[in-house]
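Before any questions on how it binds or moves, here is one chain, the form predicted on its own, in C-alpha cells.
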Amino acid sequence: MDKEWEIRLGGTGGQGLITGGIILAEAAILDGKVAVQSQSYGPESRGGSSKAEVIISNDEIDYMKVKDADLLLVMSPEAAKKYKDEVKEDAIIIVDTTYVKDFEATKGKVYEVKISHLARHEAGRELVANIVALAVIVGVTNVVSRSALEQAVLSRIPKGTEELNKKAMAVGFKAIEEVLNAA
C-alpha cells in the first residue's frame, strides 16, 4: 500500500457497518499499518442512517475525518444519494445493488455487487452482509491482507458464527473476482 486510504461505509442501522469499520481498522493494524475509525448513526438503532469511516495509512494520520473518500461503499439508497459526490475523482465506489438501484456516479469507478442478496442466498444469512462487503473491499483494493481481514473478523464476531463468517468472506471474494474478470 503506497497511499493513505480514506474509506466511507454508508447504509442503514442494522447492516453492521459500524462493526465493519472497526474490523477493517483492526485488520489494518494487524498488517502493521496505522488506522483510525469513526462512526455516526441516526437516533434509530435499526433502519436509520449509519456511517463508518476508516483511514488507513503507512504513516501518521494528521486529520482523522474522511472528506472525499478514496473508497465508498453504499448499502442503502439514502447513503448512495448522500455520499456519492463526496469521493475523489479516481475513487472506488462499491454499490450493493440489492437495495441501491439506478446508481449514477459523477466521479470514480463503480463496482456493482449484490452484497446483501449474496449474504442471504450464498452465505446463508443477510446478517453477514457487512462481512461480504469487507471481502469485496479487500478483493478490489488490497487495502489490508486477506489473512488480516480474516483474523480481525474472527476476533470480533460472536462465538459459534466462525464458519458462517468465513463463508461470507469467501462469497465476497468470489463475487468481486467475478466482477473484476468481467470488466
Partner chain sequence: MTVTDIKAKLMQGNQACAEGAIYAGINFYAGYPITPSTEIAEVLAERMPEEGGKFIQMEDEIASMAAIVGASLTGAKTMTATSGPGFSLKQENFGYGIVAETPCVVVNVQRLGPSTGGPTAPAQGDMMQARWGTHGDHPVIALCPSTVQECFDLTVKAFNLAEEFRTPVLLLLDEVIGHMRERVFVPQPGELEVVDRIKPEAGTQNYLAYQPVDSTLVPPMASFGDGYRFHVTGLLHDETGFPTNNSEVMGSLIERLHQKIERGREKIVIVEEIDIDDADVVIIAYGCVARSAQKAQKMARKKGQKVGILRLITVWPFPEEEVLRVAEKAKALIVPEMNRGQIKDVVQSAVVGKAEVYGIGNVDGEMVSPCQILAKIEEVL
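From a predicted model like this one, the values you see are computed outputs, not experimental measurements. Positions refer to the first chain, counted from 1.
The next section is about a form of this same protein that is not shown, the form predicted together with the partner chain.
Only one of Ser49, Thr141, Gln39, Gln151 lies close to the partner chain in the model of the complex, with a heavy atom inside 4.5 Å, and it is Gln39. The shortest heavy atom separation between Lys33 and the partner chain in the model of the complex is within 4.5 Å.
Under a 4.5 angstroms non-hydrogen atom cutoff, the partner chain in the model of the complex has Glu26 among its neighbouring residues. At the 4.5 Å threshold, heavy atoms of Ile22 reach the partner chain in the model of the complex.
In the model of the complex, at least one heavy atom of Lys65 sits within 4.5 Å of a heavy atom of the partner chain.
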